[in-house]
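The chain below stands alone, shown as structure tokens; this is the form predicted alone.
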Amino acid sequence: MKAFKPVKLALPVCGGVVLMAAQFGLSGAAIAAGCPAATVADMKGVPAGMYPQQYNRDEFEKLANCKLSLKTNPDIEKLNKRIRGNGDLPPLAERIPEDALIVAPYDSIGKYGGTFDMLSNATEAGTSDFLAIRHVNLVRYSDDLQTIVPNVAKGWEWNGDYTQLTFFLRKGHKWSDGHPFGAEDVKYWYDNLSMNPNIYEKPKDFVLVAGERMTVDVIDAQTVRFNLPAPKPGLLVHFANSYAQGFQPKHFLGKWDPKMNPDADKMAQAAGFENGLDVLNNYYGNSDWTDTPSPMLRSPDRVGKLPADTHPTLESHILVAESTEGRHLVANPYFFQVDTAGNQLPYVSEQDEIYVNEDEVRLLKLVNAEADFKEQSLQLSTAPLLLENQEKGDYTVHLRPEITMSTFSFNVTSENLEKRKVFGDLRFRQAMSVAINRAEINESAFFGMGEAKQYVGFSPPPAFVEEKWKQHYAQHDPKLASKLLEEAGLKDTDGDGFLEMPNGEKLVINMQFAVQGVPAALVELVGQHWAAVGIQTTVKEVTPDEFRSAQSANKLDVSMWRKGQPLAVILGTNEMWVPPYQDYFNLRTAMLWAEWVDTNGASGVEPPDYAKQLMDDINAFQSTPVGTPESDRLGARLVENMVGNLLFIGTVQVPAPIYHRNAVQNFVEYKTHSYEYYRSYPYRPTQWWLDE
């Protein structure tokens, strides 16, 4: 299978707001009543705007020479009554911004109504599929995966050296409870939540620049500025592709924040909570992952004493019911997007998510067309059954390239000190890599559709990645594996065909995996390949939550999950290059190195020099203009240190299925099957509608 082409990194210096005011201001010419129902398939003569497939309202009305006639879901009043804490709705014109985001649907102006059905694994497992459908952030990637376009923000502006990023917000934008949204909500998110040690013990990398905090200035109600201690062009990329939204409702969460409200603790105790922070953590979930349980699930006995079941949102739908079985959401009556015919989005009235943790049961439900869409957790191994039943189930399956691939990482800080010595020996990791028969994996597990390769950190690899690293110790060579294992001091001292560690103890590698992260067939084959060179293994499937908990607790011998990020994403976050080398939901290793970094050496295990070099280089790389000789030099050294030390062992990169029922309209074929561009987010699911 041919690798897909690397995307260009599009980082406009200016979001174009100043230009729009002059170029697209309404003129005194005759204006048509009602606007043409333009779609991407048929723009009806409306010229392209500054950004693909979307406009700011004044821009669209100018280009189409019309005045939008606004309409809303006929059931919006009923839906609003299900949002506890919301009052009666004002007219639509008072619910959406003056400069609303105008979206051109792909093929058709939609019809309102229906319930969108989804499958997830568990409360916080496999839910990014669903979250990405209703997700919004300040900006997003367009569906070319190259161009960053406005979303919650109507524009942005960088200063000359990428140390100031200013966002311009939409006048009249409101939260789902009708309260005004603005610059103060961005500053509140950064200062009071992201940088609050009572919320996050350690700030996330994406809110820092080279390890240092930013400052956030409110210029006016709709203008907010991030001041960076060093250049970081990738900060804009973070806001374009991350689930972590750059805003939170200050009016709602702030009342429970003891730093903002001296009565917060008293109010919280009256509602049955320990203190204000307890309420904050029940709403905000002590996490920027917005699918953490709400108070409906965390504290059901106390929900009635709170002003709402879930905190207000800017997303297309808001949570109204939650249990251990699933979630239910209804359309946000204050959503800021409108189609070209003046219809407030979303078209779909309700969303329903159920939890099914068994892979086989999820697959059966898809074959029976019991879900409208599925991407996450679908592996290539499921494709034959899904494809075979397409016509019968009236659904469509697209096989799309993956950015990530299944990757293995030995626990170089294992609690078992003898295993730590073995796993920390580069010769052992080299042996384990060449012991893997990637060609057999490709044919047996992936129908010959994959590409055997080594993990190089960047996916797809930029030009600075030397060819030698792409297949570094990726050849199948059992003899070399045996030689390297012997050099590392492993020998079969009792004659049973399996190797003992240098201290004489039997080496048994326990391979725990979750099918959300890697296919079972691949794990079983790798276990056989390692056994063939004398390494005894056990294979056990666990749930994603069990895997993540054990991995983060430093309990695994070897971690395995999909891994890889494109250059654009790496410019915004350094997590792939700093211990533990990704977040809780993905592939991590060297947890005690991470502890040493987090405590400035007070505890944990000191990383080797190459790991320290990776940390220094990624910070410098993020502050250096892409494509310059210095950037390429730093990038090449990142690859050399990461791949040369085989912290992560790559296998085979393969396509994966994306499923949707044919009733879902305005659905387009995705460029990639990827979490890295946040799944459906570039493809504008707010303009999907159900034809049934």
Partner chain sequence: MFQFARFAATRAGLAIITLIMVSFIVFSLMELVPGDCAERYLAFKNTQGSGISVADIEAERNRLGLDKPYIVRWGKWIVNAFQGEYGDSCILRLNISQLLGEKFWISLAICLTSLLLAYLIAIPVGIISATSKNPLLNNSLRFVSYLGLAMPNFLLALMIMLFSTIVFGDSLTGLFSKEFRDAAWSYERVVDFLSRAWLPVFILGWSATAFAIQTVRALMSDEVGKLYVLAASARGVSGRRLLWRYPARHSLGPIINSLGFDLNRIFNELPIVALILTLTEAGSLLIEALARSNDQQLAGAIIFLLTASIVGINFITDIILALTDPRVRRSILG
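For clarity, every value in this text was computed on a predicted model and none was experimentally measured. Residue numbers count along the first chain shown, from 1. So that the term is clear: the rigid core is the largest set of C-alpha atoms that superpose within 1.5 Å between two forms.
Below: the form predicted in complex with the partner chain, not depicted.
Contact with the partner chain in the predicted bound form, judged by any heavy atom within 4.5 Å, is made by just one of Tyr283, Trp469, Trp596, Tyr243: Tyr243. The partner is absent here, but in the predicted bound form a heavy atom of Arg548, alone among His173, Arg429, Arg562, Arg548, sits within 4.5 Å of the partner chain. Mapping the unseen interface onto this chain, Phe447 falls outside it, with no heavy atom inside 4.5 Å of the partner chain in the predicted bound form. In the predicted bound form, the partner chain sits within 4.5 Å of a heavy atom belonging to Trp289. Put simply, Pro293 is close to the partner chain in the predicted bound form: some heavy atom of it is within 4.5 Å. Although the partner is absent here, Thr324 sits close enough that one of its heavy atoms falls within 4.5 Å of the partner chain in the predicted bound form. The stretch in contact with the partner chain in the predicted bound form, judged by heavy atoms within 4.5 Å, is 354-362, chosen from 408-416, 617-625, 354-362, 339-347. Relative to the partner chain in the predicted bound form, residues Asp117, Thr123 and Asp301 are all within 4.5 Å by at least one heavy atom. Contacts between 200-218 and the partner chain, taken as any heavy atom within 4.5 Å in the predicted bound form, involve Glu201, Lys202, Lys204. Core-superposed comparison between this form and the one not shown: the CA of Arg170 stays below a 2 Å shift. With the core held fixed, the Cα of Pro544 is displaced between this form and the one not shown by 2 Å or more.
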